[in-house]
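We begin with a single chain expressed as structure tokens, specifically the form predicted alone.
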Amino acid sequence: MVAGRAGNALHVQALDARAQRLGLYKGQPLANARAMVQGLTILPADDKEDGKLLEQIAEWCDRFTPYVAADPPDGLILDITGAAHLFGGEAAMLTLVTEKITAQGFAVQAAIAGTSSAARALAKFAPGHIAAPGAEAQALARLQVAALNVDGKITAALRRAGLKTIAQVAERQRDELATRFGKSFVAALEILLGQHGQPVSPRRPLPDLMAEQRFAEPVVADDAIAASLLSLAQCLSDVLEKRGLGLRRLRASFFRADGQVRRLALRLGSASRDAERVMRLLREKLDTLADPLDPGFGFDVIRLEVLLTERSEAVVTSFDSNENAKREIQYLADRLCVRHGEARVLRFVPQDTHIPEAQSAAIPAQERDFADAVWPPRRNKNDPPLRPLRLLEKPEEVSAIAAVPDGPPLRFRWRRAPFEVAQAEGPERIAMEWWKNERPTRDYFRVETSEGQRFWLYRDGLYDQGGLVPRWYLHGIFA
């Protein structure tokens, strides 16, 4: 027997058939149960572990339909619309699911109906029943009012009023029920009877497209797995081409015969429907897994799901077109992201500011929201660079000596090393953003030392501003 706390007392949350035969029941105060039966074995409830177990069973149920929703504390809802025929019909599918879960050591009750509320009620009070489309009210008519799944006080009030079955409750006037039990009770009743729909939130977003292959015998050979993946990718490619779409996000799911499920996510930097390209990226993903894909006793279902699509029109390009180079660069970025992770492959995009260290931002290379960003030109072609290609992560203070207050430095010391300036260019004056309480002015100089090293330094502030002595900083190094 499993007991858990409800309010300020312990109640029975679960019990076996033997305990039920002794007159104990779910929801009973634990003190009463102990008084009725001596020597009970009591296990404490662990809601967290129960939730994990329910999630594992839901993961296993994904092989029947991608639309699986949790119904805590001990239920699952499977939307089998359009999927039952794959398993021989609703009756055969119901038998298959219950037998498979029972074989894993669980006690399971299941039913099929047009709404989740009706299916839940039938599963608990008439397991194995299949309600015909639109006949939920007839299927539920003889069930006791406990099947309404409402507050216990309402259930007790219905029984005191002589309403013992759902049919008797359904015959009453809705206004009468709303006055006595509230509008929410009437809404729940109409949903249960199939008079109104009820949205169900799946555990994970449904894919835009999906293709899967089921095997009569579980497969373990790498060649068979690769051939299945290629066939599924080509199937998705054909559908995407007909719709003028390309995929951006893909998920591969491998369902093992022992119930374990392994999922791999793939992201592309640009929309594509090239099955060969997708397969190369998938193979790269499989080769770089820290925990290699283990088929165990074999995979009985392999599924590819397209999670995100975009418009993708065919473009005719010449061999020397820039579009070919862009595609190759993007494919390289995709391969690097697969191998090293999306967060480790970055690209820079310009920002609307003139502060040097804030003029660019690093974003994932596969992010396309900034695809049309254009870098402003800063120099003419063949001119020497005006700024270093890369800056120090943080400007480092140096001690410098200048011939005149506003002039370039003659010598400076950086990281305890002295440098003599042979020639200098500047200043390039940049006013800071005053609304951020930063110092108002920077004067940048490009300097070359007597040993040929080239640095980018700036003087922070002017001598006539507030009586403060300006400081010198090194911001970048020219390669």
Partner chain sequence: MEHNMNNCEKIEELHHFLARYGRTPERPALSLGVAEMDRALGGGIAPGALHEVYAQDWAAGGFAACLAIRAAGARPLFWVRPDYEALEYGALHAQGLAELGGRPENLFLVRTANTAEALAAASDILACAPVGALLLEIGGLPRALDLVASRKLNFAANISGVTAILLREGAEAMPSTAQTRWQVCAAPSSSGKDTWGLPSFSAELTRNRLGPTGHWRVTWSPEDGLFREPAHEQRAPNPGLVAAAVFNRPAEAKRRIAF
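Just so it is clear, the model here is predicted, and its values are computed rather than measured. Whichever C-alpha set is largest while still superposing within 1.5 Å between the two forms counts as the rigid core. Positions refer to the first chain, counted from 1.
The following text describes the form predicted in complex with its partner chain, which does not appear among the structures shown.
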Position in contact with its partner chain when the complex is considered in the predicted complex, options L336, L86, I191, M279, heavy atoms within 4.5 Å: L336
Contacting member of A431, L43, A417, A31, with respect to its partner chain in the predicted complex [4.5 Å, heavy atom]: A417
Partner-facing stretch of 323-331, 179-187, 259-267, 103-111, counted where any non-hydrogen atom is within 4.5 angstroms of its partner chain in the predicted complex: 323-331
Non-hydrogen atom within 4.5 Å of its partner chain in the predicted complex for each of A119, K124 and K164: no
Y458: touches its partner chain in the predicted complex, heavy atom cutoff 4.5 angstroms: no
4.5 angstroms heavy atom contact with its partner chain in the predicted complex for G27: no
Interface membership of E451, its partner chain in the predicted complex, 4.5 Å heavy atom rule: yes
Partner proximity in the predicted complex: G298 to its partner chain, non-hydrogen atom cutoff 4.5 Å: no
Contacts with its partner chain in the predicted complex - residues in 259-294 whose heavy atoms fall within 4.5 Å: none
Threshold 2 Å Cα movement between the shown form and the other one for G51, core superposed: no
Residue shift check between the shown form and the other one, rigid core fit, I355 Cα at least 2 Å: yes
Large Cα move at F445 between the shown form and the other one, threshold 2 Å, rigid core: yes
